[in-house]
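So this first bit is one chain, no partners, the form predicted on its own, shown in structure tokens.
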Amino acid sequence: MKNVERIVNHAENHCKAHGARLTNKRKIILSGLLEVGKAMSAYDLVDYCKDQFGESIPAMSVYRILDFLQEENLVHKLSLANKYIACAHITCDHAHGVPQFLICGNCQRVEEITINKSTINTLRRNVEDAGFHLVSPQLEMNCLCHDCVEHAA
């Protein structure tokens, strides 16, 4: 069984355990994100699904599917890029910390890492001290990956 297929099967079981259903179109969108391995917009996914799976899925449907996948913690929305990426921890059965996304501004590669809980607590206190309420602790950082730095040198 291919890795993507194994991950999608795990995601399907995850959804069933939460009383949700991973429909065929939801599987296609998730598979697309997993196969590409980089952040994609809804319109990128429309094109990818048509090219790779022969499926014509309207953009509004893709957005609804992405919302569902995000609610099930199977994908993350990258607000800075307005794109989505498959969660790096889909097949894990334990709780994870707050994700931080390192986004290469050159090749668009994304790496998901976890932020230390004490760092998040410090950020939350700083936000509250400034008179704000933290809506989402997810962090996205514009970076250059090692490969792009090497190629630029």
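In this text, residue numbers run from 1 along the sequence as written. As the structure is a computational prediction, the values presented were derived from the model and not from experiment.
Just so it is clear, the following notes concern the form predicted in complex with a further copy of the same chain, a form of the same protein that is not shown.
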Counting any non-hydrogen atom inside 4.5 Å, which residue from A59, A88, V36, I115 sits next to a further copy of the same chain in the predicted bound form? I115
Only one of 104-112, 64-72, 42-50, 22-30 has residues with a heavy atom within 4.5 Å of a further copy of the same chain in the predicted bound form, and that stretch is 104-112
Is the gap between A130 and a further copy of the same chain in the predicted bound form 4.5 Å or less for some heavy atom pair? yes
Going by a heavy atom distance of 4.5 Å, is H146 a contact of a further copy of the same chain in the predicted bound form? yes
Under a 4.5 Å heavy atom criterion, is N13 part of the interface with a further copy of the same chain in the predicted bound form? no
Flag A17 as yes or no: does it have a non-hydrogen atom within 4.5 angstroms of any non-hydrogen atom of a further copy of the same chain in the predicted bound form? no
